[in-house]
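In structure tokens, one chain follows: the form predicted on its own.
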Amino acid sequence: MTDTKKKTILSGMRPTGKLHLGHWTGALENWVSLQDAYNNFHLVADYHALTTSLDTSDLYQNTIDMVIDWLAGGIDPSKSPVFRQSQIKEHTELHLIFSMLVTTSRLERNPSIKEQVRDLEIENITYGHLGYPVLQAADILLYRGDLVPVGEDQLSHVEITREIARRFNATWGEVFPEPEPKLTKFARLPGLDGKDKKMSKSMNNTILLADAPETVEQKLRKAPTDALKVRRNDPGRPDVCLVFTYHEKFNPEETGEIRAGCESGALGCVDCKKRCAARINEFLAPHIERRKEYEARPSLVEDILRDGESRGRAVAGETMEAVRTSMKLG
């Protein structure tokens, strides 16, 4: 049962398999910190995955791998239901209704769509891809979401959801809240190649939450550093160094010492990378141990999903009953 005294948040990810450090700093860390103060629902956005790829052969295993990382990272399914979008059919029903309440020109103005089309080099955008913000609005409003944790670059998503809620309420009566953006400073962890602003599996520049210590060390050895620091004793510039960015997140206690050593030339890049790898491995160790426990019990993960889907379906059913009554469809 949800706590009616708490506000509701829905958060989700597309199922892309095992998560990386960028997922942790960009979302999962925040989810874990919010689950005591809010009613949190966690969505495996498997329908959304179809907007960029129609290959579903690995979708189920990718879902299991991702959910294991959610659980190992600290998501408590007894507090925060975890479920697959495709297993709660009310998502598609509400999406259909909402699609009648927004124009194609409004969706075409969505800056996130323009960015995706550019970044993915899409020549012909599909109807489903253009309308994914409408499905996203259905995801949020199906659970009467009050707040949506977003960075400033994602405010356009929330605004479309608010517009649809207003349009529905004005047309058929008050059913939905107008969710407010919960502005959150999501740390974007740059990729290991130093070229991209964030970690991305498609760019092969990630450290996975499941990576073994030797894998982390190997990946960091190849990471670029300050191009002007060629030899050990050369003075470095920590503020342009990729590895120092990782120190700031995973080794904050020693950043002053590392900065001083880098700038003076006393600390070489090889030693700096070793210290960074050690701290990242220290951070990952408990996660990896918890992950192994869930990997050894796949039926438990499936049970957690089924339970979350049952609880999510109950809330979604209540919402759709209110929708049909309001629209006089029932």
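Just count from 1 along the sequence shown to find any residue number. Just so it is clear, the model here is predicted, and its values are computed rather than measured. Only the largest set of C-alpha atoms that superpose within 1.5 Å between the two forms is called the rigid core.
There is also a form predicted in complex with tryptophan (TRP); it is not shown, and the following applies to it.
The partner is absent here; in the predicted bound form, the one residue of 154, 99, 92, 169 having a heavy atom within 4.5 Å of tryptophan (TRP) is 154.
Interface residue among 251, 136, 80, 205 relative to tryptophan (TRP) in the predicted bound form, by the heavy atom within 4.5 Å criterion: 136. Although tryptophan (TRP) is omitted here, in the predicted bound form all of 12, 45 and 48 have a heavy atom within 4.5 Å of it. From the list 128-136, 210-218, 253-261, 226-234, the contact stretch for tryptophan (TRP) in the predicted bound form under a 4.5 Å heavy atom rule is 128-136. The shortest heavy atom separation between residue 189 and tryptophan (TRP) in the predicted bound form exceeds 4.5 Å. Proximity of residue 148 to tryptophan (TRP) in the predicted bound form falls within the 4.5 Å heavy atom cutoff.
Proximity of residue 140 to tryptophan (TRP) in the predicted bound form: non-hydrogen atoms within 4.5 Å are present.
Once both forms are overlaid on the rigid core, the distance between the two CA positions of residue 245 between the shown form and the other one is under 2 angstroms. Relative to the superposed core, residue 110 undergoes a C-alpha shift of no less than 2 Å between the shown form and the other one.
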